[in-house]
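First, one chain by itself in structure tokens, the form predicted alone.
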Amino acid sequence: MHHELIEHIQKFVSLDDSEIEMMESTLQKSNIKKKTHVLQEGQICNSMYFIVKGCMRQYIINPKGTEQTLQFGVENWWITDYLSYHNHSPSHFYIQAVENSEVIALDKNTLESLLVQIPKLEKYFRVVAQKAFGAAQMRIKFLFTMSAEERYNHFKNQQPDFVQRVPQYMLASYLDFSAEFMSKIRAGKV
């Protein structure tokens, strides 16, 4: 039933039948309509979202009132506000579906009890957190070291399908440049 997540976990740790059964009885898929928020600034983030299908993003609204996308999540990726989730503190972020998405929301209590019952899941979530942290570190590096045009080309080469999937203004805000600059780049005028 939730084979996508089980499959993803099995890439890192092997689960036996009873563990798979336990997970399947605990997990639920939900459909999230495009543009729906699963988290708003000021709320406490109690869930981690595993994306089965679709695309989600984490963003802020800066002091000028403009949205800035910090992270996208697509199939087989987790998205959450780790600090709010961990500290039970109000979130600084919004998390929104960019496309109609299918997710498995894992709330904190469920995760804690799964980790007690299936200790090897600790390894899986450690690997997930390391990958997410590594991606965030690389993103900071690119923002500091590459020109806007280089960031766009790098991203386009790394994620060619993705560039077609998301609204251009979101992509521009993720790469930290204006929508006007994005139009120029795409028209080859930069």
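Each residue number is its position in the shown sequence, starting from 1. Note that the coordinates shown come from a computational prediction; the quantities given were computed from them, not determined experimentally.
One more form of this protein exists, namely the form predicted together with a further copy of the same chain; it is left out here, but the text below deals with it.
- When you look in the predicted complex, the only residue of 148, 27, 163, 132 with a non-hydrogen atom within 4.5 Å of a further copy of the same chain is 132.
- Residue 155 falls outside the set of residues with a heavy atom inside 4.5 Å of a further copy of the same chain in the predicted complex.
- Not displayed here, a further copy of the same chain is kept clear of residue 65 by more than 4.5 Å at the level of heavy atoms in the predicted complex.
- Although the partner is absent here, residue 107 sits far enough away that none of its heavy atoms falls within 4.5 Å of a further copy of the same chain in the predicted complex.
- Taking non-hydrogen atoms only, residue 101 never approaches a further copy of the same chain to within 4.5 angstroms in the predicted complex.
- Contact annotation for 126-145: residues with any non-hydrogen atom within 4.5 angstroms of a further copy of the same chain in the predicted complex are 126, 127, 129, 130, 131, 132, 133, 134, 135, 136, 137, 138, 139, 140, 141, 143, 144, 145, listed in sequence order.
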